[in-house]
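Listed next as structure tokens: two forms of one protein chain, kept apart as structure 1 and structure 2.
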Structure 1
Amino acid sequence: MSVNILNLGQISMKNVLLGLCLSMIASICMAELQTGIEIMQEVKFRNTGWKDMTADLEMVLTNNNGDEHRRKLAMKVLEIKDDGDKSLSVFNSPRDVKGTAFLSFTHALDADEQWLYLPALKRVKRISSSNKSGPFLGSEIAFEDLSSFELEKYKYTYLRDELLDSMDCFVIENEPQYEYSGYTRTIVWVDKARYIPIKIDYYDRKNTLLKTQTFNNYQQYLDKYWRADDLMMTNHVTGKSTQLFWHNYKFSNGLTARQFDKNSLKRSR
């Protein structure tokens, strides 16, 4: 049998070049993955150390005809160093939701613990782990959206740099790593100057764009922490939206875990 030495050399060279290309592609992908992780680590780091927070909110529900319904509530949040944050929200108006309270314990990969107190029934309802994608009291905000941001919840991929409303942003894809998420992925625009989210696109389980959240009118507190005064969640499927106006931010109030147990739901009235 005759062997063409030249052909073997060409095949060998092609294999080498193919290996180099695959290696370069893998390196680029790994660099993008690492960049995404590093960016979101910086987002988390810059929003750490505020201990606790209280705020007043106005929730505006708008249907696809433009009709508005307004609610007022108060929120308090306890920062937890080695786990997700705890939050308690209490509705003050209108009358049909007054006294309704929502308690949330965020966890990294374990299922978040969430409870809803319904004053009309005088009972506390546990939100099922498999129902976190459901709407929060008829709003366009899902129970899942009310969790604090924990790095372990997602896998991160840097996509690109992009200008958004004249702001230079990183664009990062977040893939949920916890069971029962209602989303296949989210795309977040992060302001490079302040490492804060400007916009988030939410894709449903069919990988179709479901909702967009925008963060507006940021203010800085304690010379370090940025908070948006205006958050808008728009549902592209239903045409409905929910807007949150935040007022009276206060930090380091001396709140304790005792104020965030299940009994606090009934006491919050």
Structure 2
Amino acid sequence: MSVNILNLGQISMKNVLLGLCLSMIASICMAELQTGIEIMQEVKFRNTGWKDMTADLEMVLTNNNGDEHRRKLAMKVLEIKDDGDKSLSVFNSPRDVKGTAFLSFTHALDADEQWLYLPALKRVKRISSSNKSGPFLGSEIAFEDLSSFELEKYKYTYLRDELLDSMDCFVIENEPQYEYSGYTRTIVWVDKARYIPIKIDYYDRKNTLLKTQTFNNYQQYLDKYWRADDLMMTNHVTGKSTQLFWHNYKFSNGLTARQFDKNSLKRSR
């Protein structure tokens, strides 16, 4: 009897231990198994509160023959709470379009509001924002690749964990929910340590791999916000590529909506 009792007791202890172990493993797994939306919420949350940003962008467009063309523009972005950001970009080169400026009020799912300023005519033109998938300045970057990241824009699916360039990453599939996207889905590798994108694969409307973007040379600003200085977009179909270099990042400059209106567009440089 006593043996039995002891045995029973031993068994129950074993069971309890096993159960504990199992539940611990399970809870660890649960912590790991954040859903796609939770991961992207964290990405968004950690990149919130920078207020405004100014920077210079240099684009290097390379074709199959290795010919290079450079584009330079100055950008200003105003962070808008619970809506898409406002941005103002002014082209500096090529020189024949110098002074051309582009004002955009982005929204998560509603159509963006966009104006173009043509300096030769001094004309401000309201333009259609339906052109999401078209090339930006003849580059491999589409207009939608540049627009501000809002959670409502995609449906998220967590795919797996993966090591990328010795960084532990979440791999998430994003399905665009906004109109006129050129993509069926994008797959993003998010660094687990910093919650920032490391790589994005873009799949076109026929669901074939169209482009890959990599984010290199991340720097931290205001001890909080990570920005890649150097981004590379490669088109797998055409073999062309576009490299983006960001210079002179400045955050929280005290900009207001007044710097992002049609009046400012008219005198932007």
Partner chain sequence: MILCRLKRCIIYSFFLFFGLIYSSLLSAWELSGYVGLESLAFIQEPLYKEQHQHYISGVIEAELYHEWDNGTQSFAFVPYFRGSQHDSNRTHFDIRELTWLKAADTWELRLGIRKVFWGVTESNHLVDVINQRDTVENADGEDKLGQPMMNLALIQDWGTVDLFILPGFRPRTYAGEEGRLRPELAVSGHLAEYDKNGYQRQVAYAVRWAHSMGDWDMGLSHFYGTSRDPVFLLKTADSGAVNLIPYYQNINQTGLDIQATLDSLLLKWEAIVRVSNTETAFASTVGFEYTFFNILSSGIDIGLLSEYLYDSRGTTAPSLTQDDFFIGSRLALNDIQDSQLLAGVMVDRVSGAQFYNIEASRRFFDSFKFEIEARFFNGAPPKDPAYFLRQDSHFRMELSYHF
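Here, rigid core means the biggest group of C-alpha atoms that superpose within 1.5 Å across both forms. Computed from a predicted model, the values in this text were never measured in an experiment. Counting starts at 1 and follows the sequence of structure 1.
Visitor: Identify which of the two structures, 1 or 2, is the form predicted together with the partner chain.
Guide: Structure 2, not 1.
Visitor: Aligning on the rigid core, do we see the C-alpha of residue 83 shift 2 angstroms or more between structure 1 and structure 2?
Guide: For residue 83, whose C-alpha is compared between structure 1 and structure 2 after core superposition, the shift is less than 2 Å.
Visitor: After superposition on the rigid core, does the Cα atom of residue 114 shift by at least 2 Å between structure 1 and structure 2?
Guide: Comparing forms between structure 1 and structure 2, the residue 114 CA shifts at least 2 Å.
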